[in-house]
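This document starts with one chain, in the form predicted alone, laid out as structure tokens.
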């Protein structure tokens, strides 16, 4: 009877240990992919950083590609939601919310050196792997729709110009952000990203109706 009472606890402990192992693999893989790109990412490095065996890796993921897909779904997608979707759902003025999100783009040398992980993978893997391409497209679409949604809402309240096409403006915003990230990465210069942020903020302010061009 004593053994039976302990069994559920042991199962729960094993489950938690398994979940922690999987999370360590995901985080280690995310860092290695960001550093080296997916194709050059070393499984041995991932295993060393995660502190797990190759058997543990293949227990959780059938292949390197499956691990990469999980990084997109479980690391990159939540990161984009946290930076670009949830902050826009605060109910604040949409232009203020967008400017705030843009001004929070990291500009430390290490961030500029690595570039945007979402954009890096899109450039590297979308032409090569449909699993990556479809997953990354879902993230870009959610980001674009979040921006378009707040712009449409702003139009109903008079805080966004009526002649702005929300979906087009949202796509342009993402293209500008990712373009500057690529330019800054290539130049290895945070000043390029800082200048980009200033330009993006200026463009966002121009989306306000005339007479409502407040600073922010």
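Numbering follows the first chain given and starts at 1. Given the structure is predicted, the values throughout are model-derived calculations rather than measurements.
From this point on, the text means the form predicted together with another copy of the chain, which you will not see here.
Only one of these stretches, 50-58, 175-183, 148-156, 65-73, has heavy atoms within 4.5 Å of another copy of the chain in the predicted bound form; which one is it?
Only one stretch passes the 4.5 Å heavy-atom test: 175-183.
4.5 Å heavy atom contact, residue 113 and another copy of the chain in the predicted bound form
Close contact exists here: in the predicted bound form, residue 113 approaches another copy of the chain to within 4.5 Å, heavy atoms only.
With a 4.5 Å heavy atom cut-off, would you call residue 27 a contact of another copy of the chain in the predicted bound form?
No, residue 27 is distant from the partner.
Residue 45: touches another copy of the chain in the predicted bound form, heavy atom cutoff 4.5 angstroms
No, residue 45 stays farther than 4.5 Å from another copy of the chain in the predicted bound form.
So in the predicted bound form, is another copy of the chain close enough to residue 80 to count as touching (4.5 Å, heavy atoms)?
No - in the predicted bound form, heavy atoms of residue 80 and another copy of the chain never come within 4.5 Å of each other.
Just one of 104, 86, 92, 133 has a heavy atom within 4.5 Å of another copy of the chain in the predicted bound form. Which one?
Selected residue: 133.
Is any part of 111-145 within 4.5 angstroms of another copy of the chain in the predicted bound form by a non-hydrogen atom, and which residues would that be?
Residues within 4.5 Å: 113, 119, 120, 122, 123, 126, 127, 128, 133, 136, 137, 140.
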